[in-house]
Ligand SMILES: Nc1ncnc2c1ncn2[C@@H]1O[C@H](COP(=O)(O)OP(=O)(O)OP(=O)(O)O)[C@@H](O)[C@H]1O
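For reference, the chain that follows is the form predicted alone, supplied as structure tokens.
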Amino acid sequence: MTYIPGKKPKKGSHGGVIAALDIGSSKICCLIARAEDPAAIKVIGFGHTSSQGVRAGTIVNMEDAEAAIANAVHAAEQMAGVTAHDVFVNVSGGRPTSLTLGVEVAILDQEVTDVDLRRALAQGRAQYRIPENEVIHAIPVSYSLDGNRGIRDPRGMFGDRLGVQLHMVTAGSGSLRNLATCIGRCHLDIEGSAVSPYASGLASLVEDELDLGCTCIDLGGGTTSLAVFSEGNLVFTDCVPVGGSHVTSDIARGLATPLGHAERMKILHGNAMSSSADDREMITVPLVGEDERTQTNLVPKSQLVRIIRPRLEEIFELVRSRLEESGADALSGRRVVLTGGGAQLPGIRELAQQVLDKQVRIGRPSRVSGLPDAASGPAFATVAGLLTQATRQHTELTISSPSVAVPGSLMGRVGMWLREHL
């Protein structure tokens, strides 16, 4: 990983205790951990609840979302025996956008120092402005000196012009303000943030996948997001507005059953791939508005699979299209890692391999210890990745709570200047 000087591994604000909060469309979960160094993260508290007031990763009801966040954090605090004050939070709403741009600064044949690198990154942030958007990540992908490219770390080298290829990720400032306000109402401060697929990749990808090229696809409830890693860096991220909840809605409409029963059938009987035994296996389907004890239908499992598969194919085709249109497909290699709750559906790995024509595996959080069994699956990769980001040596300039809470405010700009120049 490229190291950006001036940023030290985070150990949390209170005796090495850090907290991560994953706010999704289907669940909200919190992990509290002790981390004395990036290689030793041990979870001591876990809490989760069904998501309320969140749709497609965006907060749509402040009161409901606030209550759900407070419940998840309180459960984690009770287990850990500590009180959380600062959290690292994921960003899945606000339509995150991704762009790589080049920045050059003059160094006049002097030795490249930490100050020069930070000045180049600050200039890149200043140049990259999208109306009504705020920067979430500013990640240096590569450096150059006097036109000589491919430099991983230019410190100590000499030249006249320092160039930086900078990967910028932004999201809608309104969505970020709502997120920060809702967390603030729970008496918490945002210490750092990351887009969901980036955090999932940090938790579930191995070092060779990060270096050789890999795509992490996070199959959430309201959205499906993707992050492409190459040479140890995040080089592209995007999001499609389709997720597991759309599969559930398709089942409810196709079988005329309540949403709750549709979700249950998806979990208990769903499969992305058909088999010869599906026609013989019958499923009881309660009907909307009927007494489920007396009015039910029996349908073959094959009918359920025929409803599930087209929506999942659509999701993977959209992901493939985004990769091809962006040019990131050439950097992503032949590896795909699936995370998120949707990755738990049987047969989804095989379907993804068919549609994407890549090698696919299911990713689980592997860089933290002490996870309870209930939080060891792919659905909890994002929140575990936030813990990893909190303790690793930062490869980016991140937006922390002041500027997320009030984008463009005087205090936000002063805080950002201090973080970039001191």
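Predicted, not measured: the structure shown is a model, and the values here were computed from it. Residue numbers here begin at 1 and follow the sequence given.
One more form of this protein, predicted in complex with this ligand, exists but is not displayed; see below.
| request: Could you tell me which one of Leu219, Leu202, Ala72, Ala171 places a heavy atom within 4.5 Å of this ligand in the model of the complex? | output: Flagged contact: Leu219.
| message | Please identify the residue among Ser245, Ser230, Asn178, Ser142 with any heavy atom within 4.5 Å of this ligand in the model of the complex. | response | It is Ser245.
| Should Arg364 be classed as touching this ligand in the model of the complex when contacts are defined as heavy atoms within 4.5 Å? | No.
| query | How about Gly340: is it within 4.5 Å of this ligand in the model of the complex, going by heavy atoms? | reply | Contact with this ligand, yes.
| query | So in the model of the complex, does any heavy atom of Thr223 sit within 4.5 Å of this ligand? | reply | Within the cut-off, so yes.
| query | Though only this chain appears here, would Arg34 touch this ligand in the model of the complex if you measure heavy atom gaps against 4.5 Å? | reply | Output for Arg34 is no: heavy atoms all beyond 4.5 Å of this ligand.
| query | in the model of the complex, which of 277-285, 153-161, 105-113, 261-269 comes within 4.5 Å of this ligand (heavy atoms)? | reply | The contacting stretch is 261-269.
| query | Even though this ligand is not shown here, does it sit in the model of the complex so that Asp22, Leu345 and Ala379 each have a heavy atom within 4.5 Å? | reply | Looking in the model of the complex, the three residues Asp22, Leu345 and Ala379 all sit within 4.5 Å of this ligand (heavy atoms).
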